[in-house]
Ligand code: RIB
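Okay, so here's just one chain, in structure tokens, the form predicted alone.
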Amino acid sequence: MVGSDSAAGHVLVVGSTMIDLVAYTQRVPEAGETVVGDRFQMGFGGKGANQAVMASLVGAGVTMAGAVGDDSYGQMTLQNLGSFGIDTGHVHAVPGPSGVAPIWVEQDGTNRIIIVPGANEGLTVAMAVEAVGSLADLSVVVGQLEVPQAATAAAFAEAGRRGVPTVLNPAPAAALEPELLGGTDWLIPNEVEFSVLAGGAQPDDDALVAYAEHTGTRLLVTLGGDGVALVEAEGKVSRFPADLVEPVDTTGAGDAFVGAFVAGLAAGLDEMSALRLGITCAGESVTRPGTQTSFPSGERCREILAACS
């Protein structure tokens, strides 16, 4: 367990929690078809929670701002976050069901996911701003698109007033509200999300540079097995290969990358070292089934961090 008193910087995650309902199958069914799956696994997920867990495993102090339902899933979620040393004082219980994510995983590790946000929609602007204001040692604020954009935008604006960098993982892909984009320092979509956000453009160098200039953000695009593309501060695109691994389940790999990357920034790593940290943690995560359960252990994360420092 890594506690929130870690000396490696403090990360605030404004984001979602979900209960993952994962079915592993040789192939997904066609419309109207029923297939027999290989096995089922229930676990903890949500992009915000996944990134919080990964950041904590790397060694950052982590606080989560979010909302869970007043049901057993909500209680289980709070206990799980606490088991990783994550501060849940700003995860609010609201009426209604907690978020769930039914997931299908095929034999080659490809996944299909439906999220049902549930209580995650209950995160308010006031809750998010209060969380930012409560942390004197804040290093980075990270958000996604599974909670209301207005709440994340307000948290980013408050972070900006304090000079704290912000990181947005725009997933699931959706049009970004101007207030949210205006408060974002780092934008980290995957290749599919980039195409949606950039009007169908593919992540070639010209498109990446043009979109970074359009948004006024630093841009990192994760490319699955093809690694990561970074638009550097001077407008040059650098590409970094993924680690060569045999994928078992790619669920949560993007979250592993983002969580490790922001933990690296919080620890004072330069962006290239933080990027390498993210690539290694994400690469190891796809070699095991599940989401948070596939992440490298705290001990292994400390080894990776030391190698990247």
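The structure displayed is predicted, hence computed values, not measured ones. Numbering starts at 1 and runs along the sequence shown.
One more form of this protein should be noted, the form predicted in complex with the ligand, which is absent from this view; the next part is about it.
Note on contacts: among G66, G45, G61, G278, the single residue with a heavy atom within 4.5 Å of the ligand in the predicted complex is G45.
With the partner removed from view, the residue among L230, I103, V167, M127 that has a non-hydrogen atom within 4.5 Å of the ligand in the predicted complex turns out to be I103. Remark: of stretches 278 to 286, 28 to 36, 259 to 267, 244 to 252, the one touching the ligand in the predicted complex is 244 to 252 (heavy atom within 4.5 Å). With a 4.5 Å cutoff on heavy atoms, E158 does not count as touching the ligand in the predicted complex; it lies far away.
Remark: I113 counts among the residues lining the ligand in the predicted complex, judged by a heavy atom distance of 4.5 Å or less. The closest non-hydrogen atom of N50 lies within 4.5 Å of the ligand in the predicted complex. Contact annotation: E146 falls within 4.5 Å of the ligand in the predicted complex, judged by heavy atom distances. Taking a 4.5 Å heavy atom cutoff to the ligand in the predicted complex, the contacting residues in 9 to 24 are M18, D20.
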